[in-house]
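In structure tokens, one chain follows: the form predicted alone.
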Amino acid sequence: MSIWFTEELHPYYRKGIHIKKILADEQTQFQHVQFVETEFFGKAMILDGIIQLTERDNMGYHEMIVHVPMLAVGKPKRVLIVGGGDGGSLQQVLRYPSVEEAVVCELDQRVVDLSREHFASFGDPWVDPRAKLLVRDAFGFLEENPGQFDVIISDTTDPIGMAERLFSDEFYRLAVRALTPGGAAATQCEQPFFDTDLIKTIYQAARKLVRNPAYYYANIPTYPGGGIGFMYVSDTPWEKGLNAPFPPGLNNYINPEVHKAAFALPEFFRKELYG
């Protein structure tokens, strides 16, 4: 089989990826889930027609969304991952010896099952005794657990359908409420060129909740525009993590230079966001 998968998120922009083989294709209770083998990027997961991750470039996403807040906090003990059923963020969280419990709140069990089957490179982090999977909606869980987590990672799909709520002011309020004093959250926060207004709205909401929110980004070729951004949400400055030692096994994407540079924004976007 040789086909092109084309993703169109905007009427003026589309991207394509060459697929060699379809590994799984099913409609779950919540979404259309596909796993494919691509020509260059290895295996990929597609949800509702949108590429979520590939074997080749997921490192930029998972390492940056996880390690920036983890390093800022220092030695986090309890971590919550909202979404993240593929296990990539969980793999990174569990690199920290200080972590005693990593809770993954994922809505779709089939994402977990199929990812364990097809993303062997993540090393099946679910077998780690510190990992705890909850198959449920994250909103209710956050409401039930104020002040419980040192780090929260919002590893979500794009703000479409049910995932829209995970980009709302209410979600950010609940996430900050669920942090311990000095804790930090990082959320998937879209792309500067295409989603400027949404990012500005989220940043303004975060400013009302914490002292040191900041936007940063990473290069991921299979995402729209070749990259994705994150919102750092904490009273603790992100710069505190620059002097923290990296956990073992980090040799793919993040390094001290990338960590610092990720917060240096292009001028057009810096002016839009920070004024």
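Numbers for residues come from their place in the sequence shown, where the first is 1. Keep in mind it's a predicted model, so treat the numbers as computed, not measured.
Form predicted in complex with a small molecule: not shown, discussed below.
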| Among Q52, Y223 and I228, does every residue place a heavy atom within 4.5 Å of the small molecule in the predicted complex? | yes
Within 4.5 Å of the small molecule in the predicted complex by heavy atoms, the stretch out of 56-64, 29-37, 245-253, 208-216 is 56-64
**4.5 Å heavy atom contact, Q188 and the small molecule in the predicted complex** = yes
Worksheet item: Would D108 count as a contact of the small molecule in the predicted complex, using a 4.5 angstroms cut-off between non-hydrogen atoms?
Response: no
key: Residue contact check: D158 to the small molecule in the predicted complex, 4.5 Å heavy atom   = yes
